[in-house]
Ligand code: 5GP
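So this first bit is one chain, no partners, the form predicted on its own, shown in structure tokens.
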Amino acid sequence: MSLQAISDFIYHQNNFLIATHYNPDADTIGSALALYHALKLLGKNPVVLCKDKTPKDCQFLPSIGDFINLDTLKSLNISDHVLIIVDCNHINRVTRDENEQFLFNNMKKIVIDHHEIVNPYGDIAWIDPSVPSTSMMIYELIKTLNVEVNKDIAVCLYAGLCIDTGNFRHDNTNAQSLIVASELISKGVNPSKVYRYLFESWSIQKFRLFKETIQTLEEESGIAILTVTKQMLERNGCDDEDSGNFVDFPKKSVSIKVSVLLKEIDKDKYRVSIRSKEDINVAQIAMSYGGGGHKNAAGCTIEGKIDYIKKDLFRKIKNIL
């Protein structure tokens, strides 16, 4: 589906429900809010939806308080709304609950995402894994819609681009991402301020959790695995969100090629984040467990005893190194 076709479709609709993925980050939140602002400028009626709490590091984004959750959504009449899913490619990434997925059954669906996918979902799917962030795709869509990118839109887009490129340090940073970043800065974005919100706003509780998490590090053959348990979160006064970027730290060592973070979400059930350097494709590892992502950043959920999970991850990752 072409960008122009999506733009034309949006022009002929009035009501939109823009949905992020659960466990949201700044790319899905920033993309949703930027499109939300743009559609309002077009005179449309958009609503932004997030199943979970919006991230602490995104509270500076314009209109962050306008997000509704699924409980609120159930009280609204959305039968004539078009569902736009941003930064994920299936309804089960918006919510895993089939009873909640039922809310979207009769809606036209647009998917805008930059993650690798095998089977496209929705009536209209724009998937481009070559793009560093979904926020860059939303930027192109907004331009195609002939909406002027104002400061509020620019801040939202810059946050998404910044988080998914690691502040323009990751391998996915390319010339186009820097061109877009420059254009957004020209609209009034303060890069150092956005960086501080996204990367330098840890609470003391999160810092203490990080110290404990580092003590769990296990390393084999250039692979590092960290673990965060529910007990660790409770002991340090943290929630699941606080450990989100811990997976990036082992890669600071020249000897670590792949870093893994296991986050306990239930008894014998873990959310897994995987990061890699250079040309090591960890998306295939995540996909083997029913997850997905990018070459250098992927994730999945695994059920089982933690010792077995670690052993299996070490084995599978060693096979691709």
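When you see a residue number, it is the position in the sequence shown, counting from 1. Quick caveat, the model's predicted, so the values are computed rather than measured.
Another form exists, predicted in complex with this ligand; not displayed. Remarks below refer to it.
Q: Closest heavy atom of Ser273 to this ligand in the model of the complex, within 4.5 Å or not?
A: Ser273: contacts this ligand in the model of the complex.
Q: I'd like to know if Pro55 sits close to this ligand in the model of the complex, meaning any non-hydrogen atom pair within 4.5 angstroms.
A: Output for Pro55 is no: heavy atoms all beyond 4.5 Å of this ligand.
Q: Does this ligand get within 4.5 angstroms of any non-hydrogen atom of Pro62 in the model of the complex?
A: Pro62: no, not in contact with this ligand in the model of the complex.
Q: Check Ile10 for me: does it contact this ligand in the model of the complex (non-hydrogen atoms, 4.5 angstroms)?
A: Judged by the heavy-atom cut-off of 4.5 Å, Ile10 is well away from this ligand in the model of the complex.
Q: Please determine, with the chain shown alone, which of 290 to 298, 38 to 46, 64 to 72, 249 to 257 has non-hydrogen atoms within 4.5 Å of this ligand in the model of the complex.
A: One stretch meets the cut-off, namely 290 to 298.
Q: Which pick from Lys109, His115, His81, Lys206 sits with a heavy atom within 4.5 Å of this ligand in the model of the complex?
A: Of the listed residues, the single hit is His115.
Q: Mind listing which residues of 156 to 180 have a heavy atom within 4.5 Å of this ligand in the model of the complex?
A: Going through 156 to 180 in order - heavy atoms within 4.5 Å of this ligand in the model of the complex - there are no hits.
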